[in-house]
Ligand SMILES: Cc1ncc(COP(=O)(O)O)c(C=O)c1O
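Form predicted on its own, single chain, as structure tokens, below.
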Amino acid sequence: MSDNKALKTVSQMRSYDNSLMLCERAEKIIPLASQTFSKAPMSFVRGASPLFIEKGKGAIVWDVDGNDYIDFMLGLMPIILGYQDKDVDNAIIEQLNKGIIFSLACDLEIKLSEMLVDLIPSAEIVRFAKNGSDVTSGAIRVARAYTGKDRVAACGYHGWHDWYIGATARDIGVPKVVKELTKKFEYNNAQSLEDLLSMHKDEFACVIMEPMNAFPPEPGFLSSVREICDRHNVILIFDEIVSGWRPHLGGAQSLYNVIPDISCFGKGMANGMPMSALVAKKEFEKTFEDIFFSGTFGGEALSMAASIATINKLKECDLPSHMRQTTAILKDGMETIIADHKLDHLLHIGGADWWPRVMWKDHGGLDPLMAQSLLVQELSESGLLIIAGGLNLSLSHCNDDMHQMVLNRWNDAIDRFSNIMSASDPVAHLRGEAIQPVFKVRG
């Protein structure tokens, strides 16, 4: 087969000139040219992927060069209904006419707290913040204050603060004494937690974990974690920043009927507005009052109004059932296209039934990041915005027209990718700079 069979010439490819120009400007004054690792140029194929977005509507975004994409990043998952959702935007506008933030608390704090208490089994008291890292760090402080112990057992990704990031490959700048306090255990391996807690008996304040992530928990795993925490007198914290809302409106704890002591919610709870919540059982109320967990923008009203509107709409539309249906349709269609192009020895569509993922079986003899880069550049060329394999879904993805559009674009990308992987030198077909690693946060 000719190396260039069915491959477009560079002159036929999408232009990313404006993205590259803005990237050069940004790099002069913004480290990484972005505020977030996962949105930085290092996470894309610079020169063959978009680097800056101009606008979004529904499930579609447009980059600064005018190219459109079906967006499966969704701002790293906060967009849960779709860009420019009218109900949420109207709630924001209505509140904007009253004020953004005030010198005293406002009633929206009470309304939203009451909604969360009704939805989330572990929620009897509620505090608000802006990012997932805010509330996971608040949860750790509560647990340490309540127990008088310092060690933390962690499983999953929990944000950028010292107590967690010191246990990752990005630990530069974290004091050694802090690094020593957080130890990891394996997802779907309760024995690894038991061994860890037994090794440092009576030293752990808490276990913090993502109860669901890219893969569902195996039967009995979460209940075993709950039992181990109870037996070792350790507080159980569920980080439901990701698993809140999409698989179940009450989070994984509702889906699996395993109730933690403290929970962290965020991401999709305000359809893009900065909003997170730290919720807990009533017994922690005094500790919440005693620790310092306080921020100027914790009670910011626009995000509260957006969150109330978002949660009301999620309840009305039964989002989890739409997610499962869309996942099933996309998985089946994408797998068929992979098989039709004889790439099923390399790729398959896995993940949870609400969070499909493009997964690698093999990299065809290439470096994994190079293989990923080649796929990402062809997905970008076909108008699909996907990184790290995750297909983050919103309500705007959940309709027949969108399903067909996704599969058409997927087929277009896989057709070109198949030809590249069949070429004598696939690397020669990379049209930009290969993706660079950050660190692996989930299995």
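Note that the structure is a prediction, hence the values are computed from the model and not measured. In this text, residue numbers run from 1 along the sequence as written.
There is another form of this protein, the form predicted in complex with the named molecule, and it is not shown here; the text below is about that form.
Trainee: Taking any heavy atom pair closer than or equal to 4.5 Å as contact, tell me whether residue 267 reaches the named molecule in the predicted bound form.
Mentor: Although the named molecule is absent here, residue 267 would touch it in the predicted bound form, with heavy atoms inside 4.5 Å.
Trainee: Is there a non-hydrogen atom of residue 147 within 4.5 angstroms of a non-hydrogen atom of the named molecule in the predicted bound form?
Mentor: No, residue 147 is distant from the partner.
Trainee: Mark residue 84 yes when one of its heavy atoms lies within 4.5 Å of a heavy atom of the named molecule in the predicted bound form, and no otherwise.
Mentor: So residue 84 does not count as contacting the named molecule.
Trainee: Taking heavy atoms and a 4.5 Å cut-off, does residue 159 contact the named molecule in the predicted bound form?
Mentor: Yes, contact at 4.5 Å.
Trainee: If we take heavy atoms and a 4.5 Å cut-off, which stretch out of 179-187, 132-140, 102-110, 288-296 is in contact with the named molecule in the predicted bound form?
Mentor: Going through the listed ranges, the match is 132-140.
Trainee: Taking 4.5 Å between heavy atoms as the contact cutoff, choose which of 80, 241, 304, 237 touches the named molecule in the predicted bound form.
Mentor: By the 4.5 Å criterion, the partner-contacting residue is 241.
Trainee: Among the candidate residues 300, 210, 71, 261, which is the single one with a non-hydrogen atom no more than 4.5 Å from the named molecule in the predicted bound form?
Mentor: None of the other options qualify; the answer is 210.
Trainee: What residues, if any, in 21-38 have a non-hydrogen atom within 4.5 angstroms of the named molecule in the predicted bound form?
Mentor: Nothing in this stretch is in contact.
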